[in-house]
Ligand code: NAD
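First, one chain by itself in structure tokens, the form predicted alone.
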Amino acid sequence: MSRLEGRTAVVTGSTSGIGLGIARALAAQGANVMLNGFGEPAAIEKLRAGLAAEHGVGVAYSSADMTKPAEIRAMVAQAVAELGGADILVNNAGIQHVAPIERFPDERWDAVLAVNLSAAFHATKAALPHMRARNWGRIVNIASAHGLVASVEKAAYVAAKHGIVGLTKVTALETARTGITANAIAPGWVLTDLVQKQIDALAAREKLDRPQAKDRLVGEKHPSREFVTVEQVAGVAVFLCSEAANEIRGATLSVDGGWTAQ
């Protein structure tokens, strides 16, 4: 797989979790990176500076709110101005709310759809002209196993992630005769800090040891009974940015321990 020197990646929701893992992996391949997300300013600056020093690439940060289209456009413009382009776009930012449909708050529905789906549309719309100007680009949308199957009490998240899969296909078709590709990654349970907290809570509640709690949680969905790692998702994202993936267009790649194969 070719390295990505001279390319610039915008990764939304990249101050922690999957987004940060992808940002690190792209920087390791030589790409400049625009970080985005929430957090303490000092911690974010330490992260930004450390990533730049470790990999010898340009790293900038945007605090753009993914519910605000104007801020999303400004983030892409900042990447072009400060880092020289917007060659790779990873739409990763996401939020969740769990409730039955009858009790699902209207404002939470609107927020989940705005961050998980509409933000990807606005970022893609802003980045595509820059990609077309160079006849090269990679759009990687982080969907979910819930972009392919459903679970109860996750109406907004499932709707948004199904929408991401559809948006990916349309983007791929509209760029099919160019050097721009659009694909999605659909992770299952990823062992992030947030999921580790759920494991610990289950262990305490059910009086289980941590391996038992981990197996109980992941075994509900993954036939492999193993969690996906952040590094595995990041590796797939790097692959989709490589020349080997030039003719992968509009695909959704499942990384889910067999969840959606059932």
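Here the structure is a predicted model, which is why all the values come from computation and not from measurement. Numbers for residues come from their place in the sequence shown, where the first is 1. Only the largest set of C-alpha atoms that superpose within 1.5 Å between the two forms is called the rigid core.
Note that the form predicted together with the named molecule isn't included here; everything after this is about it.
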Listed range touching the named molecule, judged in the model of the complex by heavy atoms within 4.5 Å, from 98 to 106, 137 to 145, 77 to 85, 120 to 128: 137 to 145
Whether Val149, Lys221 and Val236 all lie within 4.5 angstroms of the named molecule in the model of the complex by heavy atom: no
The named molecule contact in the model of the complex: Thr175, any heavy atom under 4.5 Å: no
Tell me, yes or no, whether Gly163 is in contact with the named molecule in the model of the complex, where a contact means a heavy atom of each within 4.5 Å. no
Taking the shortest heavy atom distance, is Ile18 within 4.5 Å of the named molecule in the model of the complex? yes
Even though the partner isn't displayed, in the model of the complex is Leu194 close enough to the named molecule, meaning a heavy atom within 4.5 Å? yes
Using a 4.5 Å cut on heavy atoms, which of Val190, Ile180, Ala159, Leu167 is close to the named molecule in the model of the complex? Val190
Under the 4.5 Å heavy atom criterion, name the residues of 56 to 93 that approach the named molecule in the model of the complex, in sequence order. Ala64, Asp65, Met66, Thr67, Asn92, Ala93
Shift of Ala43 between this form and the one not shown at or above 2 Å (CA, core fit): no
Determine, after fitting the two forms on their core, whether Leu194 shows a C-alpha shift of 2 Å or more between this form and the one not shown. yes
